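What follows is one chain in structure tokens, specifically the form predicted alone.
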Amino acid sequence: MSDYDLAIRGGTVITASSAMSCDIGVKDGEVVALAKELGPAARDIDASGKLILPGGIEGHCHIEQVSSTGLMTSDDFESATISAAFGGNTTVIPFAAQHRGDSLRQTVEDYHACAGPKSVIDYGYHLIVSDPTPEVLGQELPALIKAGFTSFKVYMTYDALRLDDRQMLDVLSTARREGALVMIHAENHEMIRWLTEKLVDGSNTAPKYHAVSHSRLGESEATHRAITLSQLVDTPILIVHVSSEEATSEIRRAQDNGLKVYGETCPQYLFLTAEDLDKQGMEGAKFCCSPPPRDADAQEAVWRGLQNGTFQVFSSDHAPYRFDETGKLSAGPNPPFTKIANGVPGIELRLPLLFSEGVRKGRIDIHKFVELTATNVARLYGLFPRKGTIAVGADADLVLWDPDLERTVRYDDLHDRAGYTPYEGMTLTGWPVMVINRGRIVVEDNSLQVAPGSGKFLPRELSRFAAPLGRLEPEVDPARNFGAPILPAGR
């Protein structure tokens, strides 16, 4: 008679606060035991020489979403969640995007119809609020927050999405009343528009001018303004996809002043620069995203923000558009930068990039890695402690990592449908080799083991904001008593 459905034996279990050598017992999709030696199981997995991490939670991605300009992303919920799983993720939280004139509730129903039959791992949604009418703020949004959609995003730029300051205050005050988290795309719309007009008037329309039009000053000004608006109504906010030293400093200053302001950054701001937009011909279009990549100094500032706790989460902002007439080149083979679809793919490489260039190179330790990619994400978005950690009672969302496995990034080895990766040719060390979601083995031997539609929708609780800013409240880990040494940075 088996005590467990699954026993993972001989690995090093890593959480945001501890490392331990122990076995993990799984039954009915949950972790039910952490012990030196477990009894019999229906299946044993030998994790010797491997790290066992909580499944990654991808908290910022665009899946099967129509952009504000009418373009559909290249990935649907099947391809995106498969790609996420191969990258070590067990949960995704994409956006259910309201367009002006649309009902928020109908938007959610439409996304359910897309995600339910296709997702291979667990999923929830953030809302995108672009039309904060009295009905939306008074009825639909409060009802959806109570139904488990406890975070939503607003934009300070893009003609079809942006809210003015008055609308921002209305939205922020609704979030405060209902206890929701507001995610903010912070760029100064009028600065972008003014610079764009000057560039186009001067016939400066190549992809590299996208980065020029999205000034880092426009990002820092909007970040400061978003923080000020949130301070006025005392509403916690998360500034997403931060790219520059100036915006990072605004967030840090707010945190040092005790404001509930959180920060997120992404791989493109660590590994790409504005020079990538200046590649030959239209190749630079592959790297157009907003905010754009900056320069080497900005990269170092973003690394410091990850190290010192200015950024609580690290997300991909996966926004895949093919390099053809269906995506990046929808306006023709040589479009001006104003007509190039904004976004880069990255959902499968988020974790390997940060592990290789962060943990392996000593910039962050393994516990910070878990915080940024799983634990803090679960806390901010109302999934902790069910997700984001390895503890008795948590979902058995587990990833076996080979910390020494070296691979060169090639798009042909990835599973999204973008058709390219901006990280082509990078050699990364440390990759997931087995992915388990609620006790189900999703990826094994580089092969998908589950069917589309087997992922589970996750209503979420309200976010936790009790801790000092800069680092979320450390988890209470029942396995700490094993007393294993903490892994050093650069394991």
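Numbers follow the displayed sequence, beginning with 1. It should be emphasised that the depicted structure is a prediction, and the values quoted were computed from it without experimental measurement.
The form predicted in complex with N-(aminocarbonyl)-beta-alanine is left out here; the points below concern that form.
Arg440 falls outside the set of residues with a heavy atom inside 4.5 Å of N-(aminocarbonyl)-beta-alanine in the model of the complex. Contact annotation: Tyr155 falls within 4.5 Å of N-(aminocarbonyl)-beta-alanine in the model of the complex, judged by heavy atom distances. Put simply, Asn342 is close to N-(aminocarbonyl)-beta-alanine in the model of the complex: some heavy atom of it is within 4.5 Å. Remark: His62 counts among the residues lining N-(aminocarbonyl)-beta-alanine in the model of the complex, judged by a heavy atom distance of 4.5 Å or less. Distance criterion of 4.5 Å from any heavy atom to N-(aminocarbonyl)-beta-alanine in the model of the complex singles out Ser290 from the list Ser215, Ser290, Thr235, Ser74.
Just one of Glu250, Asp317, Asp122, Asp395 comes within 4.5 Å of N-(aminocarbonyl)-beta-alanine in the model of the complex, counting any heavy atom, and that one is Asp317. Listed stretches are 192 to 200, 414 to 422, 77 to 85, 147 to 155; the contact stretch with N-(aminocarbonyl)-beta-alanine in the model of the complex is 147 to 155, by a heavy atom cutoff of 4.5 Å. Annotation for 212 to 241: the only interface residue with N-(aminocarbonyl)-beta-alanine in the model of the complex is His241 [heavy atom within 4.5 Å].
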